[in-house]
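Consider the single chain below, provided in structure tokens and representing the form predicted on its own.
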């Protein structure tokens, strides 16, 4: 999606791909959840259900602690909702919401709903004019459902003081809902291998520190105390949790439920609505037992735990890989990890890639002065040629078998530039990570030592960073010219160009 590509490019230019917060939106939600738990426990020590507004005012009077902790709690709750929406939009735009990823999508939608309700109860706990408005509107909507024998809205007419049980139940819900968040978070990542719930330390502490400073310098104001007999003409509302109040208050409760239910149903049905037709859906990987040696490398590398090792049934000793189609997303990482080239999606195994690159070279008429860009489908290549260099497309660099790179270099090509997505935004989660390990750290299927590393370079360029790719290609082309002019005098430290850190979910 062009909007997402442009945003990624802009944030990469501002922060660099390692610290781009858009790449870590899911991990930022978990960070916010942890901060909310810590600050919430502190606030709970001073909160009193018998005097909700007075206790919050007392907290706000603690200029040394309570005020900024309350501010941090509020600001981070807004960030959590924003990050969750960004994360969901990102997964939708990148078409990572159907098939084996459907469970993560549905649980993510439920998580967003729980976060919203939890924040709603938190604002009611303050019991200022905003909390009163949220509580009264919530009661009006609940009264439209055939659940309660007595209308809840009667409690907010001002005829009688609100019972203490109301504030106790609200507090109970606010404390209990995080348990549901933790449960659905576990479900959300249950099909991922090597889950990393937190962003890099610099981004984590930078985000927490930034919001802590904002909470100290600009603490959120405490609105006027709730009064059931009157409501101020203007009520300051929170943009994240109260944006809907203006629209809903003038509409019948039934229509509000219908609109909200339709949006929730549409969100839950995204895995069905976005699922491609069977003819165009990428097929899952499979293992050819003839070539499988039972080395378990594909089993270890699979980002989705879709491969298991089972006893052989062909008369040979040992184990053989078995792919579970219900878990496989057809990323092809297993194809890049298999030295004998016996596993991968149909048409994308190592053997298939070698046949394709031979055909590519036969029809390209390339020589020592030419460059080849091995480009990821989801990256910045997007065409058959980039700045005068021919493009050999690959599903993901994690899918790329190192034998393809060796074949290109040994065929006499001037240089091979591997154009990868930023490691923090790999469609296969760990594709760039494992590619780096195979290139430089001897992980199977590793690039052989006999290959001239000086003629290989890796560039990280997202879909909206065509200029970054062109600049990287121009720099690499200049380097190759130096190699041609003085062989052996310009050794290239490829490892320095391909530094990869652990990816987050």
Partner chain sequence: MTVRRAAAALLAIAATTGIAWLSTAPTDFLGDAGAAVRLSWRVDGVPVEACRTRTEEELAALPVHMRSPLECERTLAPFALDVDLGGRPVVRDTVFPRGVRGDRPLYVFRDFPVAPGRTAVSVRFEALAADGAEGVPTRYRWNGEVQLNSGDVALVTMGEDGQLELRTPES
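All values reported here derive from a predicted model rather than from experimental measurement. Positions refer to the first chain, counted from 1.
Omitted from view is the form predicted together with its partner chain, to which the following refers.
Of the residues given (410, 201, 249, 290), 249 alone sits with a heavy atom within 4.5 Å of its partner chain in the model of the complex.
Only one of 123, 378, 166, 105 lies close to its partner chain in the model of the complex, with a heavy atom inside 4.5 Å, and it is 123. Across the options 91-99, 77-85, 295-303, 414-422, residues that bring heavy atoms within 4.5 Å of its partner chain in the model of the complex belong to 77-85. Contact check for residue 179: no non-hydrogen atom falls within 4.5 Å of its partner chain in the model of the complex. Within 4.5 Å of some heavy atom of its partner chain in the model of the complex lies at least one heavy atom of residue 238. Interface residue remark: residue 231 is counted as part of the site for its partner chain in the model of the complex, having a heavy atom within 4.5 Å. Contact between residue 133 and its partner chain in the model of the complex is found at the 4.5 Å heavy atom cutoff.
Judged against its partner chain in the model of the complex with a 4.5 angstroms heavy atom cut-off, the residues 15, 158 and 210 are in contact without exception.
Contact annotation for 133-171: residues with any non-hydrogen atom within 4.5 angstroms of its partner chain in the model of the complex are 133, 143, 148, 149, 150, 151, 153, 154, 156, 157, 158, 159, listed in sequence order.
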